[in-house]
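Encoded as structure tokens, the following chain is the form predicted alone, with no partner shown.
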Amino acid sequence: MDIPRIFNITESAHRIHNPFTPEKFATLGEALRLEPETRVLDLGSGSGEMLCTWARDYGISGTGIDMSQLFSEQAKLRAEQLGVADRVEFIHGDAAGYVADEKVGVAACVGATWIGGGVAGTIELLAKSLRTGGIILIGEPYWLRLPPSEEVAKGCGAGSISDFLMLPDLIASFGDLDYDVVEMVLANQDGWDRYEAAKWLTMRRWLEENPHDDFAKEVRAKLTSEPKRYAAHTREYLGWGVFAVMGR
């Protein structure tokens, strides 16, 4: 079980696999008013930066699930580096359908709502692990402005314009699911640059170290096209944020 190889290559040097910075995750933790011993479930936990830093800074405990074997191993190493390995657990596995044995105070899916078939299905899944009065976190893209064509939308990584909503509509959609939006922290352009541009150096270094790998041609093509694609499309049209919601 693993994610496509291209992601394990391009994001192998990332600690955060979305447009958030460490400062944004700190802001989110403060915004949620996390109390010591709060249990957090993170579906699609990547390299574990959110859980590990929150365990260090706020005294939470928690479990992360991720399909990438590489990222799961990196998460365990990060927990050891920050001295929180006794507080957080990382499982290499499929987060789709995962329900915690013990109810949690915060249930999160930060940038992987495909595990539930979209926002609504992911909220429904996370709610199964949530204690009464708990908070669900959803990390999701939205349009900063509507792309002028389907081609531009696809350049942003969407299947079509309809895949994402404008920010007011995304916020309203949580209310349609009978949830209150109680907090939000939005990525900024610097966060997007750090997430996307860091992949380019990683790909270049990988190509230098693996010139004869069967996958080199695909990585070379991606490195050649990605900087222009990102500057022309994602950077101009796509936003991203984490939204904290509570059931009504």
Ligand code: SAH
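Counting begins at 1, following the sequence as shown. Everything quoted here is computed from the prediction, not taken from an experiment.
What comes next is about the form predicted together with the named molecule, which is not displayed.
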Report yes if all three of 141, 196 and 234 come within 4.5 Å of the named molecule in the predicted complex by some heavy atom, otherwise no.
no
Whether residue 67 contacts the named molecule in the predicted complex should be assessed with a 4.5 Å heavy atom distance threshold; does it?
yes
When the contact criterion is heavy atoms within 4.5 Å, does residue 147 count as touching the named molecule in the predicted complex?
no
Does residue 25 reach the named molecule in the predicted complex, with heavy atoms at most 4.5 Å apart?
yes
Contact test in the predicted complex: residue 155 vs the named molecule, heavy atoms, 4.5 Å:
no
Contact segment among 124-132, 171-179, 147-155, 91-99, judged by heavy atoms lying within 4.5 Å of the named molecule in the predicted complex:
91-99
Note which of 112, 119, 137, 79 lies within 4.5 Å of the named molecule in the predicted complex, where distance is taken over heavy atoms; exactly one does.
112
Select from 17-50 the residues with a non-hydrogen atom within 4.5 Å of the named molecule in the predicted complex and write them out in sequence order.
17, 18, 25, 44, 45, 46
